[in-house]
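As a starting point, one isolated chain is supplied in structure tokens, in the form predicted on its own.
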């Protein structure tokens, strides 16, 4: 049950649904019933409608004529478009972060990675959203509000959906962590050109990992 005024209830409902979609608890392609969600969270349908509208802005939900709101389905074509945009914008964010981060922010980035070593050794490099996410630190550290709004307000959670459900398993875990270390060291040295190049390459590697997952899933389905 969600308690509070209408705006806070809508925000809490949105956050709960958003996280469930990103983590795969609400399945891709699932139809979102305002009535069922309202009953589940014990809120009004108006609150649910507001939450779903915010999910549309995050590109986690789409509306179809005669169907209504449904969770997006991850696919290779959308991945390519999304990661082309992500590569360009986050590479720029890395360059700006190298130039604009304070000494304290750069040290916090290094400390964040140090704190995650044990998690990487366990072959599980899942990062929660926000302050404990390496990419979030760099985006906010760019100190460019227009760029922050584009990355965090529009595509951040859609990117996380790909990363969480298809990206961070197997050998990619240790490789991604090493790439994060390289980017952090470039930022720590305030080498914006190197940080930009390393971030672009890191995102390209991540995209290829997800593409490989799509291919593997297709083969598995053909064998069933």
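Please read these numbers as outputs of a predicted model, since none were measured by experiment. Residue numbers count along the first chain shown, from 1. Take the two forms, find the largest set of C-alpha atoms that superpose within 1.5 Å, and that set is the rigid core.
What comes next is about the form predicted together with a further copy of the same chain, which is not displayed.
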* Is there a heavy atom of residue 63 no more than 4.5 Å from a heavy atom of a further copy of the same chain in the predicted complex? -> yes
* Asked: Contact between residue 50 and a further copy of the same chain in the predicted complex at 4.5 Å, heavy atoms?
  -> yes
* Decide whether residue 85 counts as a contact residue for a further copy of the same chain in the predicted complex under a heavy atom distance cut-off of 4.5 Å. => yes
* Report whether the minimum heavy atom distance between residue 149 and a further copy of the same chain in the predicted complex is within 4.5 Å. => yes
* Asked: All three of 8, 81 and 145 touching a further copy of the same chain in the predicted complex at 4.5 Å, heavy atom to heavy atom?
  -> yes
* **Candidate stretches 50-58, 36-44, 23-31, 178-186, one within 4.5 Å of a further copy of the same chain in the predicted complex by heavy atom** => 50-58
* a further copy of the same chain isn't shown here, but in the predicted complex which of 89, 112, 71, 74 has a heavy atom within 4.5 Å of it? -> 89
* **Flag for residue 35, CA shift 2 Å or larger between the shown form and the other one after aligning core** => no
* Shift in CA distance, residue 65 and residue 76, in the predicted complex relative to the form shown here, given it is 3 Å or more -> farther
